[in-house]
Structure formats: C-alpha cells, structure tokens
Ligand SMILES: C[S@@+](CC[C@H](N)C(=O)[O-])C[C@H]1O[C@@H](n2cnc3c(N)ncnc32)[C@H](O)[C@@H]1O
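Coming up is one lone chain in structure tokens, specifically the form predicted alone.
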C-alpha cells in the first residue's frame, strides 16, 4: 500500500487478496492495462484506490458469477463459548457481529477488516501463521473462508487452529461445496446467504472459481488428521457446517 496525496493506493498483490484470489496477478494487471481498473502507475507498478477496486468488483467480477439459490443459516442455534478467534473475519464480519466483544477477528487484508461492521478486536494476520500462544482460545470460528485458501495451506490453518485452542476447545467451520461446472461461461461460483444472528438478518454471499474440489468430506478428513474429533456435521444444499473438538 502507498499513500498519494493523502489517499491509500493498493498494489496488484494486495488487490489479489482483496478479491479473494478470484483473479491472478497477471489477470489483474491486464485489467489495469485495459482500463477496467482505474489506477495509477508508480515506478512501473500499478495501484488503485478502494473506490476503484469496489467499482471493478461490481462492474466486472460480479457479472461473471454463477449464483446458487439463497441459503439460510441460523447462527442463533450456535453457542460460541469464551474467547473466540475468528479466522478470515474481514468483509461482512459475521462472527464478530454475532458474538461481539468476545471475538478477535483476523484477516490478512486490512481493507477487509476495516469493512467489517463488528466492534470486536481486529488484527491483520494470516491464518496459517497465527501469532498467538498455545491454548489461547476457547473457540475458533472459520466462516466461509477455507474456499479462499489454497489446498496446501488449508491443513496449516487447521493445525494452527488446533494449536491455539485450549483442551476441549471447539472449532466451528462453515463452507461451500464447489459442484461440477454446468454449461456456463461464468467462471466463478457463489452462494447467496441470509444469516440470522438474532438481532438482525444479514444478506451476503461467498464464492470462488470452478474446479476446486472442496467439500464436507475433505474438511472432515483434514480435521481428523490434525487431531480433532468430529462432534457435529450438517449439510444445507451447497453449504455445510462442522463442529470439531480438540481432545
């Protein structure tokens, strides 16, 4: 990030993260060159403001998304105990809004954390390299975040979650099954959600590119390999929920 005339500008690698890696850095550079992203060039590197990135996302990214039907998630049925770590808590900040001051939300994107409406503690941090001591949390939540993490790093994130959980602590994981691609030119698959957190219902959505073989069975297997016990699992159309416990 660079500041120019008091305004923050983000480089291509940062924009890639802001867009949840839906586009490669080469693709983002091409969009700069084709003027799809309004930006500036400094020392041969492209930069854009938050406003320009939001406009690009709305006008270019969203129109290439294949949305599933609306899914409803009722968080009122979920009991998150004690000190809670929310991995990938930027953007809507659902867990932070739901559990409030008991939550520490982390996300590698400063922009995503600033967008979150919750009043919890927000820290710029990568889920695969947590800076917390062992057994620091009673609960870890990962709400529709794993789909944005590469396969090699997903196990690292779960291992870190296991490490920072206290004995008998629980990991709550929600995510999306990526189905086979239907006959469509749209290159991104996403689910629309209505999330009931008690005091209000939040409408949002999460998605990623076709071709990622992510599903319930994959995360059940990864969790068990890390050392977790499976306490509960549930499938709701293309979405699923798993509750793990540390032994």
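Quick caveat, the model's predicted, so the values are computed rather than measured. Positions refer to the first chain, counted from 1.
The same protein also exists as the form predicted together with the named molecule; that form is not shown, yet it is the one meant from here on.
Contact annotation: residue 206 falls within 4.5 Å of the named molecule in the predicted bound form, judged by heavy atom distances. Taking the partner from the other structure, the named molecule in the predicted bound form has no heavy atom within 4.5 Å of any heavy atom of residue 100. With a 4.5 Å cutoff on heavy atoms, residue 126 counts as touching the named molecule in the predicted bound form. A residue is said to contact a partner when one of its heavy atoms sits within 4.5 Å of a partner heavy atom; residue 177 fails this definition for the named molecule in the predicted bound form, lying far away. A single residue from the set 104, 73, 149, 165 has any heavy atom within 4.5 angstroms of the named molecule in the predicted bound form; that residue is 149. The chain is drawn here without the named molecule; in the predicted bound form, the stretch among 109-117, 76-84, 165-173, 131-139 whose residues come within 4.5 Å of it by any heavy atom is 109-117. Residues 143, 144, 145, 148, 149 are the ones in 137-163 with at least one heavy atom within 4.5 Å of the named molecule in the predicted bound form, listed in sequence order.
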